[in-house]
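Presented as structure tokens, the chain that follows is alone, the form predicted alone.
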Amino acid sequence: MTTEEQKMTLHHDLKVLETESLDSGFHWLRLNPPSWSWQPGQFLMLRPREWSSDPFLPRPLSIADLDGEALSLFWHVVGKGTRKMTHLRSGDRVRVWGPLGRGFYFEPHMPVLLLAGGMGLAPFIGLIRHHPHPENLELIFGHREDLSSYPLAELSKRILTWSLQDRTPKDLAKLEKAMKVKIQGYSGDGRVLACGPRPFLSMVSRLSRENGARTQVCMETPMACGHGVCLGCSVPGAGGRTYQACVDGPVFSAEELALDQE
């Protein structure tokens, strides 16, 4: 993110419009919409107004969607902060700053393969909902929890989707084979966009390099500040470089990183 873009980062106190709990600790949080322009892949930092000093730090969340009705966040309980977020109710206030980071780049006419692992589905929700040519999108979704935990049924009504549950080494081998075939198919005029846990993105990066695919990956890393100050979101770059995911990413060209060398 450039210095000029950082200056445009907006802080808001937003009101909770609605909360929704799904299976296995997955949740929706919908806030009154701020006046942001936004790219899929960008994120925000969120801190409920009621929090005191424990937890002290805000939580980074991918922007799942933003339209004239709501700023939508899809998230999973992973620790103390996200567990306390389950106590939010309609009318509560949260402090939000964003949009942060660098989002995905693609042209509407391009064939695009979306690769999502688990919560890596979140930054693709709004992209799929608002893409002007959904026939140009295809999604492979690898997941461990049951599909009822994710909004895949809604997305499947708009684009072609494939889902593979990943719980065993045999499942992982099937997922890798499916992604390899699809990445090969998009290695010409297409683009590949991926988000998910580090091992998932390492696999995507390796398969993309082997097949000459133009791929962007959205990194999921712990963050404390969202502005590149705390250095807690460092990711390894090609040629020995180090990037901060919050300001240099979280979306990178796969060639910028050294994920397939881990």
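Remember, it's a predicted structure, so these values are computed and weren't measured experimentally. One rule holds for the numbers: they count along the sequence shown, beginning at 1.
From this point on, the text means the form predicted in complex with a small molecule, which you will not see here.
Just one listed stretch, out of 119 to 127, 157 to 165, 184 to 192, 139 to 147, contacts the small molecule in the model of the complex at the 4.5 Å heavy atom level, and that stretch is 119 to 127.
This chain appears without its partner; in the model of the complex, the one residue of M223, M203, A213, L29 with a heavy atom within 4.5 Å of the small molecule is M223. The single contact residue among H76, R93, K174, K180, judged by any heavy atom lying within 4.5 Å of the small molecule in the model of the complex, is H76.
In the model of the complex, G81 approaches the small molecule with a heavy atom inside 4.5 Å. At a distance threshold of 4.5 angstroms between non-hydrogen atoms, L61 is in contact with the small molecule in the model of the complex.
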